[in-house]
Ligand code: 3EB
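In the form predicted on its own, a lone chain appears below as structure tokens.
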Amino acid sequence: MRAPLGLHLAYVSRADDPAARGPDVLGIATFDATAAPGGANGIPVARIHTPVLPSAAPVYEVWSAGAPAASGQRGRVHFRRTEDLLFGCIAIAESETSGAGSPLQAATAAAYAEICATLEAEGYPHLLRVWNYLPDINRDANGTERYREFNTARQHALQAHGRALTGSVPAASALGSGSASPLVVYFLASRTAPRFIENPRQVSAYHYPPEYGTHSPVFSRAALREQPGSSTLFISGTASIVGHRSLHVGDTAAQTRETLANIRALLAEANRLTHRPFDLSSLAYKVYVRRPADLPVIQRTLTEVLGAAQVLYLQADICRQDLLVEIEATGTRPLAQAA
């Protein structure tokens, strides 16, 4: 049910669902290249090439703001905004790029340069949450894993625009997509700064040691946005990592349980900072499954803990080859539930 005020996420199965059509819709993401509403009415649509599990039924990830939104475009970034929030998306095919580095690095540099330029021009300086989908994320290219190439280019682009590389950096995810797909990035930004949250069970990603690449990932484990009517928590892509090492290699159920332990730890950190506490059942989840055959064991493990929570399952490669499942989550708590 939609929160009375503030940012809201819904996963819907029909393009004509009222949630995907309202004047307060900020943006939509679709999966497995599903067609979606938008375009003519100015709603930006991020089209992600990641199959929905367990079937190919269409799913629309709909972000709404609780206030009328206006559309715009700068370069290849399509966006929609309210007074305090902006949703944007960009897609760049590697075949269309040129410049220093690999085609993926050139596409990443271009995407982040255009995103930063849009935020600067439109006056939404604070990135809250970023989703990155890059083809063949684990494939070796030029002697380097493509995910590491992406991290290098992202860091250089953010640095070039004077953005932080540690601490005040957005919640984020980076997943694999189909081999023929473009690099797709979509994001939420705000005029007001959120609180950035780290997990006491984990080394901050931006402080990973060099064994994970010459340039660390630039993201916080979670971000908390508070406004007068509600509070929104964005939990980054989370996996079976303690400290900086992957645990339970080859054991899908154990990785799922460890991932939930990390999400619980982030909830505890967030709830220390807010008067509108979150719990597992108050979140909507997106679950990335490396091997579709593992879906039943992941579903059983999550259902035991999450009950009837809203969960979307996608097939996607994950940033580390030894990780079999990754989970992200978002939740909004209205002021009325703070008592």
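Numbers for residues come from their place in the sequence shown, where the first is 1. Quantities reported herein were computed from a predicted structural model and do not represent experimental measurements.
Not on display, but discussed next: the form predicted together with 3-(2-carboxyethyl)benzoic acid (3EB).
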property	result
Stretch in contact, per heavy atom within 4.5 angstroms of 3-(2-carboxyethyl)benzoic acid (3EB) in the predicted complex, of 264-272, 92-100, 212-220, 119-127	212-220
Proximity of residue 208 to 3-(2-carboxyethyl)benzoic acid (3EB) in the predicted complex, heavy atoms at 4.5 Å	yes
Distance check, residue 197 to 3-(2-carboxyethyl)benzoic acid (3EB) in the predicted complex, heavy atom within 4.5 Å	no
Residue contact check: residue 176 to 3-(2-carboxyethyl)benzoic acid (3EB) in the predicted complex, 4.5 Å heavy atom	no
Residue 147, heavy atom within 4.5 angstroms of 3-(2-carboxyethyl)benzoic acid (3EB) in the predicted complex	yes
4.5 Å heavy atom contact with 3-(2-carboxyethyl)benzoic acid (3EB) in the predicted complex for all of 74, 181 and 183	no
Residue (of 230, 256, 151, 190) lying close to 3-(2-carboxyethyl)benzoic acid (3EB) in the predicted complex, criterion heavy atoms within 4.5 Å	151
In the predicted complex, the residue from 104, 85, 241, 224 that sits within 4.5 Å of 3-(2-carboxyethyl)benzoic acid (3EB) by heavy atoms	241
Contact set, 97-132 vs 3-(2-carboxyethyl)benzoic acid (3EB) in the predicted complex - heavy atom within 4.5 angstroms	132
